[in-house]
Every structure is written in structure tokens, then in C-alpha cells.
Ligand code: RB5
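A single chain, nothing else alongside it, follows as C-alpha cells in the form predicted alone.
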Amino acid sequence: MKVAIGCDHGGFVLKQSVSDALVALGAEVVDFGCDSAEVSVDYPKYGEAVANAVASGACDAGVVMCGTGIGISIAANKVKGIRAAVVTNTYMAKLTKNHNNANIIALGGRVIDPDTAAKIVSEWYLADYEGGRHQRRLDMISDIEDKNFR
């Protein structure tokens, strides 16, 4: 599986841990930046880059990181077909894949530590979408996108 990752300066603290966890699970990681916590950068740029890679099929899934995970998830969710979810623990990680089939998760470098980020990413990566009753709801979300994305 090919996984896109991207972060701003606030999420950079998690980037190596996330990348290492994904590689350990057998993923190919595609890094969209940023490359340092030293310079303030704008999270929408990185959220959009990861989301476009996932939406286009160039990557199978994505992980985005900023200070809280909120801003970068909002940016990623502006790309049609993306279901980016902010995750702060392994339970949320598992359920966002089981129930929402989230194709991107968002993490906050000021909210969780690198070890927790690695555990969260691993839980999400290994989880399976359950389908069934959840698919009806994802279809409803797709209908909302079709009405509102032009």
C-alpha cells in the first residue's frame, strides 16, 4: 500500500514516527513535506497535496499532521472523495476505518506524542472497513459531495 504523508511545522514532530510505523507495516511512504519545524509553513498546502494524491489514486491512503490535526483535516476534506478524520487515540483510529472508511487520518503534534502517533497510525492501517450499514452512510456523504462540489 502506498501512503501519502504531509505536515506543517506543528505536526513535524510526529512525521518520522508516523513514517517509521508505516514502513514497519510494509507501506511505501510518499512524503509531501514539510521538512522542518524551524520555519512556519501553511498547512492547507500540505493537506491539499496529500488529499490530491489519495483522491487521484496515486496513493492509497494518507496521514496529515499539524498542531491539532484540525486545520489540515479541514483542508484535506475540501478535495472531493476524501474522508479525513482527526484521530487522537487507537480506538478512534480503528473505528474511523471500520465505520467511515477514512482514507486520510489527521494527527496533532501538540495533542499527541510520537509514540502515540505511531500506535494510532498502526491501528488505522491494519483496520478493515466493515461495509454493511456503514456503506449507506458513505453513499449519503458522496451524494452531499455530488450536490456541493462543482
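Just so you know, these numbers come straight off a predicted model, no measurement behind them. Throughout, we count residues from 1 along the sequence that is shown.
As for the form predicted together with the named molecule, it is not shown, yet the points below apply to it.
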**Request:** Decide whether Ile104 counts as a contact residue for the named molecule in the predicted bound form under a heavy atom distance cut-off of 4.5 Å.
**Result:** no
**Message:** Taking any heavy atom pair closer than or equal to 4.5 Å as contact, tell me whether Thr88 reaches the named molecule in the predicted bound form.
**Reply:** no
**Item:** Asn52, heavy atom within 4.5 angstroms of the named molecule in the predicted bound form
**Value:** no
**Prompt:** Hey, in the predicted bound form, does Cys66 get a heavy atom within 4.5 angstroms of the named molecule?
**Reply:** yes
**Asked** Of 135-143, 5-13, 122-130, 21-29, which is the one stretch near the named molecule in the predicted bound form, taking non-hydrogen atoms within 4.5 angstroms as near?
**Response** 5-13
**Prompt:** What are the residues of 85-110, in order along the chain, with a heavy atom within 4.5 Å of the named molecule in the predicted bound form?
**Reply:** Arg110
